[in-house]
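Only one chain comes next, encoded as structure tokens, the form predicted on its own.
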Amino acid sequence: MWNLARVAASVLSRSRRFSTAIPGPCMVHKRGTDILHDPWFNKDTGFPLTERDRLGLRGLLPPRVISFEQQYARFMESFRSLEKNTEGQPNKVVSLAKWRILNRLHDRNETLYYRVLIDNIKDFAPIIYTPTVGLVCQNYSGLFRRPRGMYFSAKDKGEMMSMIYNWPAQQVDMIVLTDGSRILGLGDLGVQGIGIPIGKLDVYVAAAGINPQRILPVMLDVGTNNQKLLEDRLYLGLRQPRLEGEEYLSIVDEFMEAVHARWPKAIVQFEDFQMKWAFETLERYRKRFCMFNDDIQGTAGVALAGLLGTVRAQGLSLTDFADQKIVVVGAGSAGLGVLKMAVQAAARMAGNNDAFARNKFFLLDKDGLITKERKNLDPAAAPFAKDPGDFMGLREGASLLEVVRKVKPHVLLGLSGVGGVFNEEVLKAMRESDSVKPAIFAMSNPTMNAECTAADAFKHAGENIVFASGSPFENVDLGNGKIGHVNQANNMYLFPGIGLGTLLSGARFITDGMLQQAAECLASYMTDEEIPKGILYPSIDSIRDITAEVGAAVLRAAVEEDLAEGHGEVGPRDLKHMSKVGPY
């Protein structure tokens, strides 16, 4: 009997073909050096003599034929040699050296690149994705060697419908789009933000088995307000201030219309837009196109999964989540996205009591606790603003330390982008939490922007905590054989599954219900033996299994909401039949 997880897993298994020759004939309309310069077709020294003759390659390669397996082993040997030779050098130097060697392979031989990535995802994810990708974006103009993806700029207004046909792939399933306005916690990096879509889509290939010929990274260059970049002679983007208002929206509108005119079922993932445009574009397009915002919805889902795991770690049932007191530091797109999804979950578990659920959450920004007395209160934050004095007399703008001391929260969750904001005093105050196992989530990226380190959290807040972060930290040795487990609340646990499940379902829209099911699936993934140890998320090594499960949950939700239209050979009737087979 088929079930949904098997459908998702079957798609993942197809990506195994990147490790060897694609089964069946492959039509190649190139010859000679054109093949060697095309990373999709190039097999380096792996072309057998018969192919060298047929494709006009004889004499263009060294005579010895090196098998795929030998090429794989040679690359891994080079990579390990690089690691050894860079020991003791600054992290920045080592990280960029590792990125360069992988990028050169990607430029030359995509088949080998993705095989290496899939087999070593735990080691290579921090290089192609968080945290190294932030460093790459900061230095992208200097690192640039060959274009990857597409660039639509403010100068292209009126031309995007024709430009979209410049992309050579006949079909595109997955697009990751950024305007570079808020890259991780690094701010406005303009056109250099293209590194984010490239890295995210590599994760889609490795984790979800998406065909790398059917992905498209996109940079929407509307200028930059980063004066340092505007003055940089190497900067590759538009040298003008960012467009604002209707001018800005008209550029995004034109792109979205163009991309869906050519590829009606393509999924567009919005990435690293500054807060005002992140929310604006999400509400503007989510009911017109198949799209989602990973910073708002993906981060929210991963955080919610961790929060639900924390409840399990306390020995409680998931329905007790409604009674958790949670302090959220950071009122940007990520913080508000987490709040919205967490409140929805808590309200449902409290018998659809929205007011009860909201009372358990406390939102702070750089000016302290947000209440309804706040002048110029951001409309996006307004639903979560406290009535002044409605909880222990907390006032407008109360400091983080004051809020933690008075509220005694079960969870302290940071998405502020401010490194070290969870200082020693704040962490020590968490010792007085009303929870038997308080949780500290320092989720800001990159590493230097984390609200606290894992070592500081266990040192100051106590050994009996649950810790999660956005960037990777090493587990903490607590002595006497005890380990303080570090959970990386990484969006890559969810967004590949969201994309895969949506793609398989053929859904035209991505709903809150689909995202909620994804988060709850991730929360239930950990076993009852792992959770009490403070392990909230699985190892990245199992990312393909996780993605299959999450994808199945998203697909099931689409079927239940009557949104599934099917994809390829799988039609709506097949999906509805499979959804009745049972859980994963």
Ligand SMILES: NC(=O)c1ccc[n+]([C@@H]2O[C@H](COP(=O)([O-])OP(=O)(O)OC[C@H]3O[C@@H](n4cnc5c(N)ncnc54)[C@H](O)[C@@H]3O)[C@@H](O)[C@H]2O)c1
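In case it trips you up, residue 1 is the first one in the sequence shown, and so on. Because the structure is predicted, anything quoted here is derived from the model rather than measured.
Unshown form predicted together with this ligand; subsequent notes refer to it.
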* Structure fact -> Only hit among 412, 443, 177, 510 for heavy atom within 4.5 Å of this ligand in the predicted bound form is 443
* Find the only residue in 217, 212, 306, 332 having a heavy atom within 4.5 Å of this ligand in the predicted bound form. => 332
* Asked: Using heavy atoms and a 4.5 Å limit, would one call residue 501 a contact residue for this ligand in the predicted bound form?
  -> no
* Hey, in the predicted bound form, does residue 364 get a heavy atom within 4.5 angstroms of this ligand? -> yes
* Asked: So, in the predicted bound form, is residue 184 in contact with this ligand at a 4.5 angstroms heavy atom limit?
  -> yes
* Asked: Is there any non-hydrogen atom of residue 417 lying within 4.5 Å of this ligand in the predicted bound form?
  -> yes
* Which one, 428-436, 486-494, 91-99, 78-86, holds residues whose non-hydrogen atoms are within 4.5 Å of this ligand in the predicted bound form? -> 486-494
* Could you tell me if all three of 314, 322 and 403 have a heavy atom no more than 4.5 Å from this ligand in the predicted bound form? => no
* Asked: Quick one: which residues from 267-292 get a non-hydrogen atom within 4.5 Å of this ligand in the predicted bound form?
  -> 275
